[in-house]
Ligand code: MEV
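Shown next as structure tokens: one chain only, the form predicted alone.
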Amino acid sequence: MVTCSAPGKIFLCGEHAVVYGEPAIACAIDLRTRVRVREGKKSKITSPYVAGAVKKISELVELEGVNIDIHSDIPIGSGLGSSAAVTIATLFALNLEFDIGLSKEEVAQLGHEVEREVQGAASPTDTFVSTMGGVVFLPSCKRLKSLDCGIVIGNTGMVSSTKELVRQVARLKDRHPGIIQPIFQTIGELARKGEYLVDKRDYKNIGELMNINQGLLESLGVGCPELAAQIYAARKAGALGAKITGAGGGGCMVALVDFDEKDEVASAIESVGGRAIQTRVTEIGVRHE
């Protein structure tokens, strides 16, 4: 029996545009999904991501059956990389349980393949960050300095479908390519500027870029009133920047804050109906528990 865990993630900038080849900055956060794997007579699988992970491993080694138990701190369908975390933790646990010898890089690649097959289209961001941890500039996979500031997440409690939202944005791009493609390119420029600012630890200007990114995400049609209320409440309470994280349409927003502002920003988010989660960046990716 093997237990492994993998972290969730937030985007500082880049979601949706990253699907079209633009860069993004994502951070692993200290909310984790734990997966326990043990060989069994028959499989007990309810998640399509777990089923996909088992299928990938079964192509490498013969599996007669496996029992998998999941416990997660990450809200499902929230934009915090819950599907990537369960996929990566499952792959890593199966890798160890059956002594396959996959590297973390290979686990990340298999995880991306699983997400792409389940969702129809997916960037490698979530699975890579969940595997490796830390702050990552993609697609180069360059590790950046960790964030020395607070993170407050606001959860709307509304589950959104990454697959459907990616399709929705794709349809918008097909209808208006000359308008939507430049939006993706601008989001990419935010990530490029953000790479420099993260290494300079210039959190004030990172926050400004997050606010600009939020406006561009709204223009893609992935916002909602509940997210907007939490974002503006967080900014009013002193957040350096606040935006959607993940696919949007519900799920979560994220605020970058000075450490002494965390409680006030969390209270502001909850005052407009959100569930606030205070967390931090983690340098620890997938691990054997």
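Given the structure is predicted, the values throughout are model-derived calculations rather than measurements. Residue numbers run from 1 along the displayed sequence.
The next section is about a form of this same protein that is not shown, the form predicted together with (R)-mevalonate.
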- prompt: Is (R)-mevalonate close enough to K9, V166 and G246 in the predicted bound form that each of the three has a heavy atom within 4.5 Å of it?
  reply: yes
query: Would V19 count as touching (R)-mevalonate in the predicted bound form under a 4.5 Å heavy atom rule?
result: yes
field: is_contact(Q214, (R)-mevalonate) in the predicted bound form, heavy atom dist at most 4.5 Å
entry: no
field: Non-hydrogen atom contact S123 with (R)-mevalonate in the predicted bound form at 4.5 angstroms
entry: yes
Close approach of T162 to (R)-mevalonate in the predicted bound form, 4.5 Å, heavy atom: yes
Interface stretch in the predicted bound form with (R)-mevalonate - options 57-65, 31-39, 246-254, 223-231, non-hydrogen atom within 4.5 Å: 246-254
message: Need the contact residues for 167-195: heavy atom within 4.5 Å of (R)-mevalonate in the predicted bound form, sequence order, or none if there are none.
response: none
